[in-house]
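This document opens with one chain alone, in structure tokens, the form predicted alone.
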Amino acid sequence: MEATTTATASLKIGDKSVELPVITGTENESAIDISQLRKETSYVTIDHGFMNTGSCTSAITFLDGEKGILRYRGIPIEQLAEKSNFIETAYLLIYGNLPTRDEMAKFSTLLTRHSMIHEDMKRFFDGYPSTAHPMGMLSSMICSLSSYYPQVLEPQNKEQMDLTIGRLLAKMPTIAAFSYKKSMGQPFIYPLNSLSYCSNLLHMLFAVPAEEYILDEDLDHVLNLLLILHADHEQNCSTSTVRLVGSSQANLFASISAGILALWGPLHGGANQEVMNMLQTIHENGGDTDKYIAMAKDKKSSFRLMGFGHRVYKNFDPRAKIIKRACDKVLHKIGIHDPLLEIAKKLEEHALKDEYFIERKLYPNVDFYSGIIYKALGIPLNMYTVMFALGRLPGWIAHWKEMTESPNTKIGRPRQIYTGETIRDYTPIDKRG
């Protein structure tokens, strides 16, 4: 389905009036098409951060922040969280429909058979210091995959592209786990074909040669859930980066590598890490949650309650409702007594009852709960953004694939309004004061 032209908008500049098409999507979102504005008027628009600018049309994800709606390919996130698994959801995002039984079996086998990386790539990790951040290693290693699979440079070959997509989905958990093991100084653990996608990831992260690692089905389930909830979120910073880099016809590995680096920024992928930093700060200062709740309400205080509210969702984050139940279940089952988790529970209880937070719709969001779950699972702080990247990978791939297959794709080239010096002459160095 395509967006349709439903009306026109008139823009008047001086004595000249320009008619601009208004296009409407399948969920009745409307946009003014300004693609011919510069050609017809010599003017461009300016929109810092592109907050009001649509860069593309897309059939992948729909979200409505006012109503708290999130759907992948039309299917509500609530249904996918309850009934699907991460691999099936990945297939849905990338290929547009839920797989048949045969398609699911073929896709799962593809991922299982390609989970190992080339042995030469293991030597790359030797060049990183033990202090290297796993996100830096992950991005570099993903980009390096293009050296081993040059066929990815031929996106028009559908069969080869499907294989490349499968390889990327299969190998990224292995690279992520190896990056973690490198930072811990532990030996790499190879993937096992007998394990599911998420169980394999947990095994590679936490198993050691000295003892058997016992997998827990409930932990596998909650990890599946976390990855599903993070699998796509429309045109965010990292997804837009993947599209922008890919618009130059950069290969899939290079484009995903760029997306990982965009996600690495603390304003994007680091939100759940900021939550845990906040909890640590509260703990180190006595654990008085009432004190910090009061500070959060105080306009004169610089303290911010991390993990509450959302820039897109104005009423509630549909993912947070789902993940809260999983969080409660995991904490109950593991039965751990961690002071940071206890502080998190107190903050959550207070915010859900306090009129100040209720009126301002400062509810706990997905980052608040995901940070708590990752800590409960034993995943270290510097791996939180890596886990986010693993979940977001199918969405990135889906957007790259949609962009490369669209006849409307053009290389990304934003405009600017110059505010520097006007013309001036060159001054020789001995006359520059």
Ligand code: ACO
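Counting begins at 1, following the sequence as shown. Rigid core: the largest C-alpha set superposing within 1.5 Å between the two forms. Remember, it's a predicted structure, so these values are computed and weren't measured experimentally.
Note that the form predicted together with this ligand isn't included here; everything after this is about it.
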item	value
Tyr384 within 4.5 Å of this ligand in the predicted bound form, heavy atoms	no
In the predicted bound form, Asn365 touching this ligand (heavy atom, 4.5 Å)	yes
4.5 angstroms heavy atom contact with this ligand in the predicted bound form for Leu267	yes
Distance check, Phe308 to this ligand in the predicted bound form, heavy atom within 4.5 Å	yes
One stretch from 353 to 361, 189 to 197, 217 to 225, 324 to 332 that, in the predicted bound form, holds residues within 4.5 Å of this ligand by heavy atom	353 to 361
Heavy atom within 4.5 Å of this ligand in the predicted bound form - the one residue of Ala271, Leu202, Met121, Ala254 that qualifies	Ala271
Of Ala296, Val245, Met161, Ile343, the one that lies within 4.5 Å of this ligand in the predicted bound form (heavy atoms)	Ala296
Neighbours of this ligand in the predicted bound form among 380 to 411 [non-hydrogen atom within 4.5 angstroms]	Phe388
Yes/no, Asp354 Cα shift of 2 Å or more between this form and the one not shown with rigid core fixed	yes
Cα displacement of Lys83 between this form and the one not shown reaching 2 Å, rigid core superposed	no
Threshold 2 Å Cα movement between this form and the one not shown at Tyr292, rigid core reference	yes
